[in-house]
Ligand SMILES: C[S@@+](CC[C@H](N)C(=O)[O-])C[C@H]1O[C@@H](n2cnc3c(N)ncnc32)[C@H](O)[C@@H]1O
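Quick heads-up: it's one chain on its own, the form predicted alone, in C-alpha cells.
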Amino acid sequence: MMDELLPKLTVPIKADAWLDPTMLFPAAREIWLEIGFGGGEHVSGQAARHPEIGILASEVFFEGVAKLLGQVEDAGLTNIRIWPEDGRELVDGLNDHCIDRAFILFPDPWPKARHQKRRIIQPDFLDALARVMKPGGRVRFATDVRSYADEALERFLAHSAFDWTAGRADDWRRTPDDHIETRYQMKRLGDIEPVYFDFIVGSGD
C-alpha cells in the first residue's frame, strides 16, 4: 500500500515553486490543512464527513502514514493528499492565502525544557501559517499539556494575524462539536484535560 497508494496521494511540493492546492482538488469548496495527523483518525473522519472539502495532511512517522493510507483505502476517500514529512515544509511550499481551515491537534509537546524549542508553535511558524491562511480562515490548536497550552496561546495572541474566538472558559475547555477524537487523545497521556484554542485569521495589520 505504501509503495502503490502513497505516491498517488503525496502532495507535490517543489523547492522552486509554491503549490496552489486547488490544482489537487479542483472541485473542492474549501481547502483544509492538518499538521501532524498521528494515526489519521481526525483527517479521515473529517474527509468522510465533508467530501466537498480537500484536505492536505502531514505526518513524519511512517506508522501514522500507513494507518491513514489504510483508512483512505477502506473508506474510498478521494479528498485527502498526504505530505509524509515535516509539516513546516508543507506550509512553506504552499501559495499565499490558499487554506480555509487548519488543525494542529495534540502536537509533540517536547516536555523536557531543553527540547521545547522544537515545539511547532514558534513565531516563525506562525508567520508562515498566517501567510498561507485565507483572511477569515480558521485555525484550531489542541493539547493536553499545560505548559504547551500556556506557551502556544501566548504566541498566538502575540501574533497580529490570529484572533482568539473564546468568549468564556467553556469555549476552550469543552470539546468542539465538530471535533473527531483521536486514539492519542483517548490515552489521556497529558497533565490536563484537552483544551481547544480556535482562532480567526485577520489581515495581520
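Throughout, we count residues from 1 along the sequence that is shown. Since this is a predicted model, take the numbers as computed values, not measurements.
Same protein, other form: the form predicted together with the ligand, not shown, and the subject of what follows.
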{"property": "In the predicted bound form, Leu126 touching the ligand (heavy atom, 4.5 Å)", "result": "no"}
{"property": "Asp92 within 4.5 Å of the ligand in the predicted bound form, heavy atoms", "result": "no"}
{"property": "Non-hydrogen atom contact Val60 with the ligand in the predicted bound form at 4.5 angstroms", "result": "yes"}
{"property": "Contact label in the predicted bound form: Ala130 to the ligand, heavy atom within 4.5 Å", "result": "no"}
{"property": "Heavy atom within 4.5 Å of the ligand in the predicted bound form - the one residue of Val139, Ala47, Ile35, Ala149 that qualifies", "result": "Ile35"}
{"property": "Heavy atom within 4.5 Å of the ligand in the predicted bound form - the one residue of Cys98, Leu105, Val72, Ala102 that qualifies", "result": "Leu105"}
{"property": "Stretch from 22-30, 160-168, 48-56, 35-43 whose residues place a heavy atom within 4.5 Å of the ligand in the predicted bound form", "result": "35-43"}
{"property": "Interface residues of 161-182 toward the ligand, as seen in the predicted bound form [heavy atoms, 4.5 Å]", "result": "Thr182"}
